[in-house]
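Heads up, the chain below is alone and in the form predicted on its own; it's given as structure tokens.
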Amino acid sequence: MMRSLSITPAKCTGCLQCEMACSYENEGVFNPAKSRIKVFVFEHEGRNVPYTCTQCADAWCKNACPTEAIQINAATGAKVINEGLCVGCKVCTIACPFGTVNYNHATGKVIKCDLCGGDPACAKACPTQAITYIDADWTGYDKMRGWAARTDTQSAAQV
């Protein structure tokens, strides 16, 4: 069974525990700037929205990588960076339409969410369950794909 992160923005309080847990898990420091998940703050709406790699089925970052450094973890389905193959060219950062692949200046390589090997620190740390790690069939991925495939002449009811 494939699992994926499910994010419910309405439950997010903006505590940044997800960012802290991610940075500690992946970089060994409590530093939100080094996190692979970010909480966007929409001040005018009074909302916080956690945001990270969606592990796209047809990952543009993976397809764009000239050294094939982005590979699929067979156990989790996550697109992971093979640091031995990454040359830090940043082509994947440009290819990602969501801006969730980032360059790490300290290593000269790119970083992105890898689902922490199947035990995401962000989901474990979230006190309100705004971020959960659930069966991929329950994340609404198919519904999102349906909306994306819709043409301007189709109504939402047809999806």
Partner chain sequence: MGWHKKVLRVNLTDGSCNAEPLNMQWAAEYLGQRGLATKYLLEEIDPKVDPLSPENKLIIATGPLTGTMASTGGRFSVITKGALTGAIACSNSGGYFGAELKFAGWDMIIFEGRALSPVYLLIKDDSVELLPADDLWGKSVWETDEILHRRHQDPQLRVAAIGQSGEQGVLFACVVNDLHRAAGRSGVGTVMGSKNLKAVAVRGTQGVKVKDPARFMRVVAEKKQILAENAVTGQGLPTYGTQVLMNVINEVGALPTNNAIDVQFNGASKISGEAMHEVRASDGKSNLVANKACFGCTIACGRISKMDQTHYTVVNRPEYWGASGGLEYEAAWALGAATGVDDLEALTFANFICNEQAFDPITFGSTLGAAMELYEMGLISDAETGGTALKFGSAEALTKMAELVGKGEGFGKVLGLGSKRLCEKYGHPELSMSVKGQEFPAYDPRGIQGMGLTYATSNRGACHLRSYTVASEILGIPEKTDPLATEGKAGLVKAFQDATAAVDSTGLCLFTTFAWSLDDFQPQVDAACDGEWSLERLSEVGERIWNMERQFNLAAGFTGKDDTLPKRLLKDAAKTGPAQGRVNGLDQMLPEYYQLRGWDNAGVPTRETLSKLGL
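Please read all numbers here as calculations on a predicted model, not as lab measurements. Numbering follows the first chain given and starts at 1.
As for the form predicted together with its partner chain, it is not shown, yet the points below apply to it.
In the predicted bound form, C116 stays away from its partner chain, with no heavy atom inside 4.5 Å. Among heavy atoms of N48, some come within 4.5 Å of its partner chain in the predicted bound form. Among heavy atoms of I134, none comes within 4.5 Å of its partner chain in the predicted bound form.
Taking the partner from elsewhere, A125 is found to have a heavy atom lying within 4.5 Å of its partner chain in the predicted bound form.
Residues F30, N31, P32, A33, K34, K38, F40, V41, E43, H44, E45, G46, N48 are the members of 30-49 with a non-hydrogen atom no more than 4.5 angstroms from its partner chain in the predicted bound form.
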